[in-house]
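One chain comes next, on its own, written out as structure tokens in the form predicted alone.
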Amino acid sequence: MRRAASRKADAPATVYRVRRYYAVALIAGLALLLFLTLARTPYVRSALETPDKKIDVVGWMWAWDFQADGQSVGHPLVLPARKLVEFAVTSKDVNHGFGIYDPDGRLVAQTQAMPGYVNHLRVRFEEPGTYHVLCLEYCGAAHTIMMAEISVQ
């Protein structure tokens, strides 16, 4: 009788010990998986490359301004195909979403345009065509007219 009672008392301790081993194995497996895959993400490769062109982007009151070398470049923005372009995106007024869509209407890349902060977005346009920049945030009543074009040649 005593032995059975003692075994029952040890059962929860054994279960918790097994759970601890499972938790350690799971964390070790996830850390190994993260280590093996993180270096293959496009962000790491892109961060190591020097961009061919840098474009400053300012979103404000339902428009996008593009600047290269401190000079405003009109619309549409003309960029070379198959070159790495870095967009430095910020906002003058409220939060905007800087979304680039390919000629078929698929989202290629996006980042936030926030006042007082610059987000860097690197994009390599593989195919020539007309890309559209749309705001992805509801930034005001005329949010739907906040568009721009990028002509990739």
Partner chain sequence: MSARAETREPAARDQRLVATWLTTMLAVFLLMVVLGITMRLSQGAVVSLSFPDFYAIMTMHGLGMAGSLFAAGIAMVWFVAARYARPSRAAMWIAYALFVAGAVALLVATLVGKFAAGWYALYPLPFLKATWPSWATGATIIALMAMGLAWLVAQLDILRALAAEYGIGRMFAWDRFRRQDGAPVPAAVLIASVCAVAGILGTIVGAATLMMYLFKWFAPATEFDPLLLKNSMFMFGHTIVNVAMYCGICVIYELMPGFTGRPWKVTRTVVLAWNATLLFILFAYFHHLYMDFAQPLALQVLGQIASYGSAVPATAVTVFGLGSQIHRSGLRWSFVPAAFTLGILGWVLGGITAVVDSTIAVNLVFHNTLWVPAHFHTYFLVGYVLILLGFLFQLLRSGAERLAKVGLAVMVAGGYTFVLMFFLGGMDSVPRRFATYQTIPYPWLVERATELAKWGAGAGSVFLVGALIFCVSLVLGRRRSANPDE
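The structure presented is a predicted model; accordingly, all values stated were derived computationally and were not measured. Numbering follows the first chain given and starts at 1.
Omitted from view is the form predicted together with the partner chain, to which the following refers.
Put simply, residue 127 is far from the partner chain in the model of the complex: not one heavy atom of it is within 4.5 Å. The closest heavy atom approach of residue 115 to the partner chain in the model of the complex falls within 4.5 Å. Contact check for residue 95: a non-hydrogen atom falls within 4.5 Å of the partner chain in the model of the complex.
By the criterion of a heavy atom within 4.5 Å, residue 61 is counted among the residues contacting the partner chain in the model of the complex.
With the partner omitted from this view, the residue of 68, 88, 108, 84 that lies near the partner chain in the model of the complex is 108 [heavy atom within 4.5 Å]. Taking the partner chain as it sits in the model of the complex, the stretch 114-147 comes within 4.5 angstroms of it through a non-hydrogen atom at 114, 115, 117, 118, 119, 120, 121, 130, 131, 132, 134, 135, 136, 137, 138, 139, 140, 141, 142, 143, 144, 145, 147.
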